[in-house]
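First, one chain by itself in structure tokens, the form predicted alone.
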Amino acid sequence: MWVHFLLTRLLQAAVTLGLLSFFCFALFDWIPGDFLTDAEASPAVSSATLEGLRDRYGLDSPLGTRYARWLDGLSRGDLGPSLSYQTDAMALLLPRLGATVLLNLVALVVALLVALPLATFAAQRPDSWLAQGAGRGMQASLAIPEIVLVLLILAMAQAYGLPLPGGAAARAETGWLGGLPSLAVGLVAPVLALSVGIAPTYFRHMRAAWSEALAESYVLAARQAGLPPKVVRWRYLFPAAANPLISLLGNSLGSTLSASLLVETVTGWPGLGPLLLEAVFSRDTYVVVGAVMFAASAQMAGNLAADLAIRRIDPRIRS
């Protein structure tokens, strides 16, 4: 049954990614012009040169032909060339993808470390001043867009003379270990902006799930039986409340990734965001399609991992 479930989800993901990639190609084909449109206005570029470049990159080929060539290259691990950077799109995207994944993972961990303790406390003591204050604070932070948070952080850093958060440029020269100080500084602004935006959602869902788990009959029976609080918490409460959190983690990966692309562009973090924005404006088709495929694959992988985890820890939905 596990194999059937996994194969079904993988087939659904393959169909979805295929339709999404074709839609991206069709969208670029529908928009007037192409990568060489701006070069046509330059008198320094001859028509023969433009025709040669279009033939080289297949820009004059029909949509179906270009998509079939891309699928053939994808089967060999080739996303196609980057027209702007004159290099392989896969080699260009992979380092940026690593930076985006690092940013999102750190932001998720920070958000969980803040939201989960507050949520469990608020569920157990809803009338306390700390629980009520945390609820109001989370509700207020949920209304603030990530871009506004980033601008506030940058303004405060400049006002107090702190190192301005930005991209981890030193990493490229000294490697990950040698560039750790620059990497840590570069993570400050985007991580704060993303985690403040994520934490309220985790807080509300986990508080509701924990409150429901506290009202379960088997939890009440375990507490009345005199079991130690730690045993009740980890053996009964946490498994009952884990399902909504795991589902939320998987489903929120896509929204977090979308928000991080904008945050990366503003803060200069060397992730997919700045590269994707530049590729869209320059109509660098293969880079855009590759970035969209990576983002969609991450969303689907998160959902699949969440579903597998829930099936593993909750015997009620196993079949």
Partner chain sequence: MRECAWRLPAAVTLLSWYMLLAGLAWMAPYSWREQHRDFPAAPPTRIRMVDPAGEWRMPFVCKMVPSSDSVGSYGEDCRVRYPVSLLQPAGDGRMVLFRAESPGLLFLFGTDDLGRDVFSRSLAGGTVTFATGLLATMVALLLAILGGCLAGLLGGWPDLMISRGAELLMALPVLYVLLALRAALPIQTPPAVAFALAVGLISILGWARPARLLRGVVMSTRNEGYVMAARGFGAGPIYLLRKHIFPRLRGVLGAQAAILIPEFMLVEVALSFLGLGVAEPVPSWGTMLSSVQYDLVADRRWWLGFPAVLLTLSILLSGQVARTLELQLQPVAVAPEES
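Residue numbers count along the first chain shown, from 1. Nothing here was measured: the structure is a model prediction, and the numbers come from that model.
The discussion below concerns the form predicted together with its partner chain, not included here.
Student: What I'd like checked is whether 125, 188 and 245 together line its partner chain in the predicted bound form, meaning each has a non-hydrogen atom within 4.5 Å of it.
Tutor: Per the other structure, none of 125, 188 and 245 touch its partner chain.
Student: Spot the stretch among 113-121, 135-143, 191-199, 72-80 with residues whose non-hydrogen atoms come within 4.5 Å of its partner chain in the predicted bound form.
Tutor: Selected stretch: 135-143.
Student: Between 215, 225, 130, 155, only one gets a heavy atom within 4.5 angstroms of its partner chain in the predicted bound form; which residue is that?
Tutor: Going through each option in turn, the one that passes is 155.
Student: Tell me, out of 231, 184, 106, 147, which residue has a non-hydrogen atom within 4.5 angstroms of its partner chain in the predicted bound form.
Tutor: Of the candidates 231, 184, 106, 147, 147 is the one lying within 4.5 Å of its partner chain in the predicted bound form.
Student: Residue-level question: is residue 276 within 4.5 Å of its partner chain in the predicted bound form, judged on heavy atoms?
Tutor: Taking the distances in the predicted bound form, the answer for residue 276 is yes, it comes within 4.5 Å of its partner chain.
Student: Using heavy atoms and a 4.5 Å limit, would one call residue 151 a contact residue for its partner chain in the predicted bound form?
Tutor: Yes, residue 151 is a contact residue.
Student: Is residue 24 part of the interface with its partner chain in the predicted bound form - any heavy atom within 4.5 Å?
Tutor: Because a heavy atom of residue 24 falls inside 4.5 Å of its partner chain in the predicted bound form, the answer is yes.
Student: Are any of the heavy atoms in residue 266 no more than 4.5 Å from a heavy atom of its partner chain in the predicted bound form?
Tutor: Yes, residue 266 is a contact residue.
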